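Listed next as structure tokens is one chain, alone, in the form predicted on its own.
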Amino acid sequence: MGIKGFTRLLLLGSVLTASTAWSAEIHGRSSTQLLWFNNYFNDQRQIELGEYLRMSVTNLDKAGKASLFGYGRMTQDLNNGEGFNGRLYYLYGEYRGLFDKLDIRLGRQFVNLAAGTAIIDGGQVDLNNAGPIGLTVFGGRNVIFSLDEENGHGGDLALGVAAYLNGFKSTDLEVSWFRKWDDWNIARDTLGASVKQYLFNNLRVYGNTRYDVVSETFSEVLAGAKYYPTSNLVLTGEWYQSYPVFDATSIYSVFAVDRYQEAVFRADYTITEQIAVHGGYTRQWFEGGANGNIYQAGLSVRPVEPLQLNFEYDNNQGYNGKTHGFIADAYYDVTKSLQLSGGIAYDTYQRDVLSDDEIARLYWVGGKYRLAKNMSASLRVENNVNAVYDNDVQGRFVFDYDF
């Protein structure tokens, strides 16, 4: 299904151009990539050639309301025996403004509600110009990807309904319901809500929640606020709680799980156009009274116009182990078309009190060159040195073409 679907995506542009050349506009990006890495499943070196294609075909009708969108990839393993693989992420037709009130999508698409997300082969209808309340309804076959292919049954379905405020400049609000079937059995049944409110021109409060109907528990709750006292200072505070919920049809649904909570405080301050700093603190709460503390601090400096230097330090202490380390990277614009970059990540960690400290390091260099306004090439090579590998060199070369 994935390989055939991606082949259809490759042929879509030329077919539509021939049939509707009087109006159709085709845009997108072709990204050709060569990757080399260590395959952790068989501990063998692997070289892989990939093609990622994203495209849109608009103005299929005189009114400019009909469009097509697609995105997929295909890869060929060159030396490790995994062969050819393809994956179609989305390929759907869209008609906007039917009766000046309805937007309709048909085909493979990513759907996203506060209550849940999925990739479906089906349809979505959005009623968005009929008053202060908008409605979204979608349904279709739930697309499940395994490591190498699509993996699912005939009875894998997804259905969602949402109501949201429409036309309020400072307020976003959505209430939704999402259900998923696994081989005709109910796997997920979730209620969700999302809210965002702007106040006093310098304060944004927001929140999200999901309630799992099957297990009768809130699986996720997020409440936060961002305060902008000045144009160059942002203060953020968040509280988050999660309770792991698995599909009702999964064996993991019978296992005991623990609730997790955290509070996050962060400040981002732009001192000048050349200097910016940020700092943060996270307090973690685990089941049984255990807790953790994470401290972060970062600095971004542009000492001269073409050079950007970034540094970040973090320190994690508590129930989930003891770690501290830093990330440093640099970006240098040699010319308007050429950028060179490099960096290092260094971490010292202790998994538990009975083990010794271990060190993990990552070194990388890279570059990007713009060949033309719509063409660019980039290269990144990195080496991981840790408790498992003395050397783990991997890299990626990318050629992007925009059309």
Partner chain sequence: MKKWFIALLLLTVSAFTVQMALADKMSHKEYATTPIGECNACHKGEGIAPNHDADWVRGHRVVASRAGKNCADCHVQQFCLDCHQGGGIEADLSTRTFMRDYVPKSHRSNFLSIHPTKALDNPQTCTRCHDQSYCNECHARFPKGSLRIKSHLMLGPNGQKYSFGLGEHAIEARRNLQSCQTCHPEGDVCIQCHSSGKTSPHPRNWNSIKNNYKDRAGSRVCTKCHLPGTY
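Numbering follows the first chain given and starts at 1. The model shown is predicted, which means the values in this text are computed figures rather than measured ones. Between two forms, the rigid core is the largest collection of C-alphas that superpose within 1.5 Å.
Note that the form predicted in complex with the partner chain isn't included here; everything after this is about it.
In the model of the complex, the partner chain sits within 4.5 Å of a heavy atom of A256. Contact check for T171: a non-hydrogen atom falls within 4.5 Å of the partner chain in the model of the complex. When the partner chain is considered in the model of the complex, N85 lines it closely, a heavy atom lying within 4.5 Å.
Within 4.5 Å of any heavy atom of the partner chain in the model of the complex lies no heavy atom of N374. Along 132 to 156, a non-hydrogen atom within 4.5 Å of the partner chain in the model of the complex is carried by P132, I144, F145, S146, L147, D148, N151, in order along the sequence. Put the two forms on the same core and the Cα of D148 is off by 2 Å or more between this form and the one not shown.
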